[in-house]
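The form predicted alone is given below as one chain in structure tokens.
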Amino acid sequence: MGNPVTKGRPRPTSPGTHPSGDDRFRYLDAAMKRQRYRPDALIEVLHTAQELFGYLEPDLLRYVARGLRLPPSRVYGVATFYHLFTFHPKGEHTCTVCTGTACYVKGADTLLGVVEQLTGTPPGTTTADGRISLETARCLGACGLAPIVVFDGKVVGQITPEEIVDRVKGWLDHGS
């Protein structure tokens, strides 16, 4: 008689035996095992997968779905709901403009346009040279600081178009 939690549950792979030979799958397997392959650990597992791989590609989402015994549509739905999950490799720097109601009223659209014009890349994409990713967030939950922009994980509130130009030009001209 086996463990009732894992009985009959197919394991994604044995440690170190993923067909790709990529050791990151071993760590992902360990994370799912640590969560006892519980479907309600999906968000935690997706965070781990993104930390390991940098972004969530479709094959990786299917791998997680299989490991947690969830329909792939549910895994995709959860991953696409949260703006912190990404499906493409990110650039060297990331600029996330909050487009929530408060930020929109205080000029988020203008800020987004300024960055788009400077980088030549629309929201949700990365510049051709891979230096800057421009993203949007539905709401970052700090509406009192609107408009908000997140530069490489650092939140900057009440930002002006001039300040965002200085920051992005610094990335483009000097890389910092």
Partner chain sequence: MDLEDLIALAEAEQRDRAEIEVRVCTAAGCLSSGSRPVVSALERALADRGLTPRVRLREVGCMRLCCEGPLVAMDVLETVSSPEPSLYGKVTAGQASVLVDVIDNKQATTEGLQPIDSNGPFFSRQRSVVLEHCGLVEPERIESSIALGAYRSLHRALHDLNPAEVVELVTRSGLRGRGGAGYPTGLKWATVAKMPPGQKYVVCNADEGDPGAFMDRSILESDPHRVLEGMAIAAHAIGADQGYIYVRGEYPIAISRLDTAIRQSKRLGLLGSAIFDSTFNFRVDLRIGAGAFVCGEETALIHSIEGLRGTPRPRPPYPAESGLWGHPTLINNVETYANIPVILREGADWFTQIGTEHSKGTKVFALAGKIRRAGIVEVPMGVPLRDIVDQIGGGPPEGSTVKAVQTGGPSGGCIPAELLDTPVDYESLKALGSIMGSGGMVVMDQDDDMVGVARYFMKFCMDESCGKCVPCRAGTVQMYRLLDRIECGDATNDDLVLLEELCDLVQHASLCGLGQSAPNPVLSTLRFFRHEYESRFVEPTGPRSSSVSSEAR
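Just so it is clear, the model here is predicted, and its values are computed rather than measured. If you superpose the two forms and keep the largest set of C-alpha atoms that fall within 1.5 Å, you have the rigid core. Positions refer to the first chain, counted from 1.
Just so you know, the form predicted together with its partner chain exists too; it's not on screen, but the next bit is about it.
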item	value
Interface stretch in the model of the complex with its partner chain - options 42-50, 113-121, 126-134, 24-32, non-hydrogen atom within 4.5 Å	42-50
Interface membership of H83, its partner chain in the model of the complex, 4.5 Å heavy atom rule	yes
is_contact(T160, its partner chain) in the model of the complex, heavy atom dist at most 4.5 Å	no
is_contact(G100, its partner chain) in the model of the complex, heavy atom dist at most 4.5 Å	yes
Partner proximity in the model of the complex: G77 to its partner chain, non-hydrogen atom cutoff 4.5 Å	yes
Residues of stretch 119-146 in contact with its partner chain in the model of the complex (4.5 Å, non-hydrogen atom)	R138, C139, L140, G141, A142, C143, G144, L145
Is_shifted D40 between the shown form and the other one (CA, 2 Å cut-off, rigid core)	yes
After fitting the core, V105 CA displacement of 2 Å or more between the shown form and the other one	no
